[in-house]
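Here's a solo chain for you in structure tokens, the form predicted on its own.
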């Protein structure tokens, strides 16, 4: 063995030193690329989550010194009717926003997945609301849905339909928020579906056509299963986005009228920064975080059993 080692060193095949192997490893290069993102996530996500969890066990108004109160905030949360109302509003909003936005995006993506004149303009037009400021979008729809001077009521009156109060009606305001956010985020879902549709192998579509399958049969049996990963991603992403509804409510209704659009995050904001009950607001944030985590894990668990991933 000694003679073999000497022969190996003699022909220049000796093992490089440890520091050189470490510096030249793929693992080090990978960590070098992801370290900035890891630091940002730790500073702006992990640490705030831990601080919020600690804050939820305190009576803290962000001004006076805080003191530990145990699970009192969570006990008060369980008996808070306003919080239960906010949960109901958020669940209703999520149950409407997710299927409408994903279903509408699928239909638009199929319509835009063709070679026609001006197709790039149509795709751009669908995506424009996504990059438009939420504040600007909210203000525009406040004008459009104004009960007295809004253009929507003008057209309703022009066709002989009764005028509506929209955002000033407790029975309509939440559904108006759903409509606005669907319009605002539809383009994002369309782009995801367009990318997935263009990644479907054409030989599968041609094989289905040769076998005599109709367009609907091909779409149902070939296209939809191959869109499974994109659909799962959009369901998870849209659900997380919906459960954190805040911007549109803050800009358009401030939780009204009569609290009919108060979602969980907006209620959290009211408690922490309007009522200066930061500990109670942190408890709401922790409960929402755990709810989103559980819902996401369930969706991924179901998706892993139902979604087909092409090799």
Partner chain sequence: MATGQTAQAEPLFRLTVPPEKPRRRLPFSPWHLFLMPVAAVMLVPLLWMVIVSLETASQAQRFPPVLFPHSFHVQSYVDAWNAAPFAHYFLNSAIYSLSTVAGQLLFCSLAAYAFARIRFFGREVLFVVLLATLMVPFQVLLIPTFLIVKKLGMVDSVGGLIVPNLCSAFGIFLLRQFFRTLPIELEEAARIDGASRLAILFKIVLPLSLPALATLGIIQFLWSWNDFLWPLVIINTDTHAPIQLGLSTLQGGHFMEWNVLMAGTVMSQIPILLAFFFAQRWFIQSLAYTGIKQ
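Whichever C-alpha set is largest while still superposing within 1.5 Å between the two forms counts as the rigid core. Just so it is clear, the structure is predicted and the values come from calculations on it, not from any experiment. Positions refer to the first chain, counted from 1.
Missing here is the form predicted together with its partner chain; even so, the following discussion is about that form.
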* For the spot marked by 162, 224 and 303, is every residue within 4.5 Å of its partner chain in the model of the complex through some heavy atom? -> no
* **in the model of the complex, residue 30 touching its partner chain (heavy atom, 4.5 Å)** => yes
* Closest heavy atom of residue 130 to its partner chain in the model of the complex, within 4.5 Å or not? -> yes
* Closest heavy atom of residue 74 to its partner chain in the model of the complex, within 4.5 Å or not? -> no
* Asked: Using heavy atoms and a 4.5 Å limit, would one call residue 242 a contact residue for its partner chain in the model of the complex?
  -> no
* Structure fact -> Per contact check vs its partner chain in the model of the complex (non-hydrogen atom within 4.5 angstroms), the hit among 88-96, 75-83, 170-178, 113-121 is 113-121
* Within 4.5 Å of its partner chain in the model of the complex, which residues of 27-45 have a heavy atom? Give them in sequence order, or say none. => 27, 29, 30, 31, 33, 34, 36, 37, 38, 40, 41, 43, 44, 45
* Flag for residue 33, CA shift 2 Å or larger between the shown form and the other one after aligning core -> yes
* Return yes or no for residue 68: a CA shift of at least 2 Å between the shown form and the other one, with the rigid core superposed? => no
* **Shift of residue 273 between the shown form and the other one at or above 2 Å (CA, core fit)** => no
